[in-house]
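As structure tokens, one chain now follows by itself in the form predicted on its own.
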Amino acid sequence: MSRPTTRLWDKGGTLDQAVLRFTVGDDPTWDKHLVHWDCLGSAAHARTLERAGLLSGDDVTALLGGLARIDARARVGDFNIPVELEDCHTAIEAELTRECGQAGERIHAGRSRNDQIATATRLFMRNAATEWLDLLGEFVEATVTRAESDGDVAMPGYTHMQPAMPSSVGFWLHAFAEGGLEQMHTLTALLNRLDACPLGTGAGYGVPLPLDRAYTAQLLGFARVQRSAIDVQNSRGRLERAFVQQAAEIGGVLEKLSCDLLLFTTAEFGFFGLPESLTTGSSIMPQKRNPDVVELLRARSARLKARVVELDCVAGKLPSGYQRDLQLTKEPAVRTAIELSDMLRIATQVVREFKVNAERLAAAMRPELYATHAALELTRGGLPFREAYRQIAAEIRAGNFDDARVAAWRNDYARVTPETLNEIRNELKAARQREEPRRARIAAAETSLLP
């Protein structure tokens, strides 16, 4: 059995250890998240090489068995990536060579680490974006369910952080349902961008072998091949940025929810409360229960935005083709995938479990919230709006605008209707159904590659 080289590019020379550490960086840490996806890409490449007459059937059988075993080990945290092997791609090939001999040494024919990395990362992002779509759907469902159960509770609406007009808990929750639904639509657009197979383009200038790239794309569940070999490399950083940008936009919805909840759960407002299970304590103040989980939702949303800037700075300045700078686009993408999934799960739990204090909300429905109602009533009676506006403003300054004036409007406040909530549910169902063909295609491909 042949002995594997230490690195895919090793030609027998020496390498300074400081240079090794610097160039490898923390790839062994982040590449652990890519092992499964690189195994899928390698399985597809092996079958494509067989179709091209470059691997025998026995070689492919051995390689697929080895890849399945590596994948199983990685799933339980038993596949390590030594620093001297740099990344998951080298570690996988080294393991295949140990197990399969020359078949392991043959598998890299017709590919570069450049298109190999692009493929594994693309598959990873495609899977993460699909998970985000599911989690966003659960978040939207949670907001709709809470709007149905607590939506009719009256609540002040604010502009400039000041009481403005009468609203309701449901009207407030409706905003986050719509925000989440919008992000589901943009996630579908992101998945369309990711649905192109980069494998088979080598270092960025094609491969002089009869590789059937359409067959490779089909094996990996992609809708199409990425036609330009150079653009495969140019899209690294661009697609990672789009992926992280999408996460940052979803984070923006959660950030606004967090800010609202942090304000409305203060003792001074007391509109909402968090159950003890969602709060933490103080190390010095016995009475404290802290909304750390919501504060960290807000902070993590900010961190997602920072990663967009990071990717802009790393990849935005580069010329065409592969540059080693692109190595640093993996970490922001992997971190983002993990973090946003956690954020969506926590946000959904918070929406399901926060408490509504109807008495405090009722006490906050002060008469001046109905000032616009009063002005518009005068307008309906024929008074020009600007004159009606001044008249009501004068009453408020004089202290004459009280509960008696607004008694007839107490039940006239912004609500979300059952019809609107049903529309959201129908749109949610349609968004899920639109993704079913892609999900079925991907699931069938992954099952056939690594049974």
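What you see is a predicted model; the values in this text were computed from it and never measured. Residue positions are given as counts along the sequence shown, with the first one as 1.
Quick note: we don't show the form predicted together with another copy of the chain, though the next part is all about it.
- Put simply, Leu262 is close to another copy of the chain in the predicted bound form: some heavy atom of it is within 4.5 Å.
- Using a 4.5 angstroms threshold between heavy atoms, Glu436 stays clear of another copy of the chain in the predicted bound form.
- The closest non-hydrogen atom of Tyr205 lies within 4.5 Å of another copy of the chain in the predicted bound form.
- Contact between Val76 and another copy of the chain in the predicted bound form is not found at the 4.5 Å heavy atom cutoff.
- The single contact residue among Ala358, Ala223, Val83, Val293, judged by any heavy atom lying within 4.5 Å of another copy of the chain in the predicted bound form, is Val293.
- Think of it this way: in the predicted bound form, another copy of the chain has a heavy atom of just one of Asn127, Thr372, Thr145, Gln218 within 4.5 Å, and the residue is Thr372.
- Look at 127-135, 362-370, 67-75, 145-153: in the predicted bound form, residues with non-hydrogen atoms within 4.5 angstroms of another copy of the chain sit in 362-370.
- Taking a 4.5 Å heavy atom cutoff to another copy of the chain in the predicted bound form, the contacting residues in 96-130 are Gln102, Glu105, Arg106, His108, Ala109, Gly110, Arg111, Ser112, Arg113, Asn114.
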